[in-house]
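To begin, one chain is listed below as structure tokens, in the form predicted on its own.
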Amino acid sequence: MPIVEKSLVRVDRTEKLELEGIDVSGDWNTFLRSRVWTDLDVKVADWVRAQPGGDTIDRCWQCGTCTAGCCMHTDFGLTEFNPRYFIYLAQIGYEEELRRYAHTIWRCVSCNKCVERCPKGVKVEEVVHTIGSYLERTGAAPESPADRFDRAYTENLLNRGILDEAALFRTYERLEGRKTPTRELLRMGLALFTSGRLRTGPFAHRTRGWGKMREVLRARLEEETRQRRVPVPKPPVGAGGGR
């Protein structure tokens, strides 16, 4: 039997409704959705399990220790962020419900308290992020800021063989579609300059002979991507459920 969550309660609220001169505003049709579903898809767990960060998903036995110690869930009061529930939905393939948390799931701050406390050795933080990647791949959620930063970081490092902090910042800012105020840019630039790390553009450091190594690493990254890629089930059409 599925675990009952508050999120399963659906409320139809009607404001300022008057019927034959009588105010009937309020909550109507409040009920628990059926716990019996026929569209559960094990391909969700199969996909997560096949990824490097999701291979411990089967160890989870739903004790709730991760959620109880999660700083987002407890300290910051984001009760919708529930690692145990995310893993549970992925395990049983309840994709319709999982997609409702497509944005919340990325609120993880990677404190790893869940990993340290898990009695079964589940790498909770990695599994949750992998589930989030699944939602991205199926079009349920946009690319996360963390993924955009990883993409910018990798490209920056491959370019010269050494990190160019200023170029990385500019690239990430462009990907995020934002513009940092001039005063803040000057503050960061001064901090980089005094630390000896403001070397960008024509003054940027370059690793000697990096051209050949760059091609080797690019080829290796593409090969790993192909090896890890598994078919992703198509997003469900509508909200189908059986009783």
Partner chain sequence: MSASAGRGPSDPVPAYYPGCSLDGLGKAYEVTCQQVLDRLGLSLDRIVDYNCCGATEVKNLSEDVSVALPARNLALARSMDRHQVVAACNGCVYSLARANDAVQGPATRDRVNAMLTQGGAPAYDGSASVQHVLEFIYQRAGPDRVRAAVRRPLAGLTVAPYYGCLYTRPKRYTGAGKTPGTDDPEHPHFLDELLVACGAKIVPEFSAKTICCGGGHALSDLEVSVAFSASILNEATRAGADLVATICPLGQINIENHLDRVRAAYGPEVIRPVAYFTQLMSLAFGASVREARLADNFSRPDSLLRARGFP
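Positions refer to the first chain, counted from 1. As the structure is a prediction and not an experimental result, all values here were calculated from the model. We call the rigid core whatever largest set of C-alpha positions still superposes within 1.5 Å between the two forms.
Although it is not shown, the form predicted together with its partner chain is what the next lines describe.
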item: Distance check, residue 165 to its partner chain in the model of the complex, heavy atom within 4.5 Å; value: yes
item: 4.5 angstroms heavy atom contact with its partner chain in the model of the complex for residue 97; value: no
item: Residue contact check: residue 121 to its partner chain in the model of the complex, 4.5 Å heavy atom; value: yes
item: Touches its partner chain in the model of the complex: residue 224 (any heavy atom, 4.5 Å); value: yes
item: Position in contact with its partner chain when the complex is considered in the model of the complex, options 79, 159, 91, 112, heavy atoms within 4.5 Å; value: 112
item: Its partner chain in the model of the complex - contacting residues of 60-75, heavy atom within 4.5 Å; value: 71, 72, 75
item: Core-superposed comparison between the shown form and the other one, residue 213 Cα displacement 2 Å or beyond; value: yes
